[in-house]
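In structure tokens, the next block holds one chain alone, the form predicted on its own.
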């Protein structure tokens, strides 16, 4: 087995990559990177600061001067006015706990509105450039499972193993409604399908780091798979290819 291996999991929204990444992280004892969470944090804080989510120069200044990320560190006693201190407490196998300026924001970060905002800011090249070092810094022993949309193409192009998950948009819409604890009726399903299709288009057509299948990735269609079945397929592949 390579020292400090990286396993990337890319794919569109609600394809199952986040849940699979958590399961693999717990099983392997590897660190977990939910890259989408970082973009949700930027989208949420920039919106809260009443910035334009498409203003590249404004977002660049905001991230450099007013947004501070702390990973598994204690909160500061004092926070500068107008600043956002983000504390990410990582746990093996489960989602991170995120606190901004001392307030737990896990629920709001998973809201549909924040998801839309994150998709908008993720298309800004300056934002993606500034977040890459933060993502790469999360590669620490014994290894990393990285979940996102450009993990295997941009952030960790030399990863030992790459997965690309996909599913029908109808299946993904049902999963997202379940995740948001909303009723899966015809009206909500049609609306969610439309929102996912718009997000897919933004992710696949953005100028920098568009969503695409990484070179040498293992493609997994999860439309008709349970999470247990996804995990079994992925874990078998990992065992065969990087011997863990």
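What you see is a predicted model, and the numbers here were worked out from it, not measured in a lab. Residue numbers count along the first chain shown, from 1.
Form predicted together with a small molecule: not shown, discussed below.
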| query | finding |
| --- | --- |
| Heavy atom contact within 4.5 Å of the small molecule in the predicted bound form, the stretch among 51-59, 64-72, 184-192, 35-43 | 35-43 |
| Non-hydrogen atom contact residue 175 with the small molecule in the predicted bound form at 4.5 angstroms | no |
| Contact label in the predicted bound form: residue 136 to the small molecule, heavy atom within 4.5 Å | no |
| The small molecule contact at residue 151 in the predicted bound form, heavy atom, 4.5 Å | yes |
| Residue 197, heavy atom within 4.5 angstroms of the small molecule in the predicted bound form | no |
| Non-hydrogen atom within 4.5 Å of the small molecule in the predicted bound form for each of 17, 119 and 128 | yes |
